[in-house]
Structure formats: structure tokens, C-alpha cells
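The chain below stands alone, shown as C-alpha cells; this is the form predicted alone.
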């Protein structure tokens, strides 16, 4: 009984990374990757994809030390919640997930994405499906988008797929552009403003210096730096980048997490 209970408490993750469903288990300092034997795969390629997705080659401790030196409250946050990572997602999946998030709540977003995967994705193993690419979205028709409960976001999703398929916006090419030019390129897409573009730059292109600002992050910044309270979000983003430097995006994640949980106000006051 005790052995079974211990096994149930192992840290694990099940999801689709790229074309493959994976079950990841953390045990004794190692990350174990399990694949569905019924699905063909290249183990080395999958392992490389997992390492990139979780940014396992970065020196997390060194990054946290550098960030902790930027502000005493941020240092306290990091000491309480070390190990916070920013995933390195596929640009198309990341972009369209944020388009679907407009005026939406997390459970509804998850249901829509799961429905799109189920209807348009390919088998990935363990009963899961891959995230549908731009061609699949472009050709699926309004009926499928409505069935997935995309709502008004379905128009943006379809229009974005059309621009990607036509080559009007090259998501791969965006990765080679300087950050300001990459942001401008992403903002050519329907439903993509400054905040969504910055989120895609951070979570898909690993521009860790980018500081996306929503209402929670703006509120957190005002607690640490009261002079930012009257600034518009774009100006707060610039302040975040200036104050936190090359890892501003990770600082943003820490501030967002603690503001959402109500912990930041207790720490500041």
C-alpha cells in the first residue's frame, strides 16, 4: 500500500509535444520520457523536442540569481517559488492559442483547443491528437470552428491561417528578425495586438527580454514601482524590460503568478 501511494505522488506530465504524446515522470533528479509503442517515433528527436520545450539546457539557478538581484521583492518571490520555467512552444500553436484566449476564460480555452485537436489533429499516441496546423484550420470550414466553440475568434483563427498558408506572414522567418521587427510582423495578423505579440515572442520564440503586460502584471508593477501606475501598458512593458533586463519575461511570470494568487500584496505591504 505504501509503495503504491508513493508511486501515485510522483511528479508527472502527460501531453503532446510536437507530433508525439509523451508521459514525463520526474524521479531522483531525472526526467523519464515514455512514448506510446503503438506510434512510430524517433526517440532522439523526441528527446531533443522535450529538452527544447522545457528549456532543460538553461542554467535556471543562474537566471534566478540574476533576477533576484533586480528587486528585493522579486528575490523573495523566487525564493518561495524557485524553478518557474517558460515553455518553448511551437509558434503556430502558441499564436493561435492566444488568439483563442481573447475575452475568454481558461477552462473554455482548453475545451476549444481540445475540440480542435480531436476534430482536426492526427493521432499522437496514448489516445491524444496533435495540434492542427494552419492548412487544417484553413480548410476545415466554419462548421468545425463553430462546433469547437471558437465564437467570434474563429474568424481571426481562419484569417490568420490564410495569411500563414499564403506566406504573407512567415512564422519561421519571424524567428530570425530583431525583436521590434518580429513584433511588428506578428501584429499584421488578425486579433494580434501588442500584448499577444509579446506573449508569442516570449513563449514561442524565447525572447526572454520581452515583458508582456496585462491587467495583472500592470497591477504588480505598480506595487513594486508606484510611478508606473499611471503609465499605459506599452510604457509599463518598456519599464519592465529596462528594469529586469535580459530575463524580463521570466520576471513577468513571477509577478503575474504572485499577483494572481494574492501573495504579492502581502509581500509589498
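Positions refer to the first chain, counted from 1. What you see is a predicted model, and the numbers here were worked out from it, not measured in a lab.
Although it is not shown, the form predicted together with the DNA is what the next lines describe.
* To do: Find out whether any non-hydrogen atom of residue 179 is located within 4.5 angstroms of the DNA in the predicted complex, and reply yes or no.
  => No.
* Asked: With the cut-off set at 4.5 Å between non-hydrogen atoms, does residue 121 touch the DNA in the predicted complex?
  -> Residue 121: no, not in contact with the DNA in the predicted complex.
* Is there a heavy atom of residue 53 no more than 4.5 Å from a heavy atom of the DNA in the predicted complex? -> Flag for residue 53 set to no.
* Taking the shortest heavy atom distance, is residue 80 within 4.5 Å of the DNA in the predicted complex? -> No, residue 80 sits far enough from the DNA in the predicted complex that none of its heavy atoms falls within 4.5 Å.
* Asked: If you check 195, 85, 163, 129 against the DNA in the predicted complex, which one has a heavy atom within 4.5 Å?
  -> For this set of options, the contacting one is 195.
* **Selected contact from 133, 190, 175, 75, since only one has a non-hydrogen atom within 4.5 angstroms of the DNA in the predicted complex** => Checking each option against the DNA in the predicted complex, the one that comes within 4.5 Å is 190.
* Asked: What stretch, of 98-106, 163-171, 135-143, 113-121, brings heavy atoms to within 4.5 Å of the DNA in the predicted complex?
  -> Residues of 98-106 come within 4.5 Å of the partner.
* Asked: Taking the DNA in the predicted complex, which residues along 203-233 bring a heavy atom to within 4.5 Å of it?
  -> Contacting residues: 214, 215, 216, 217, 219.
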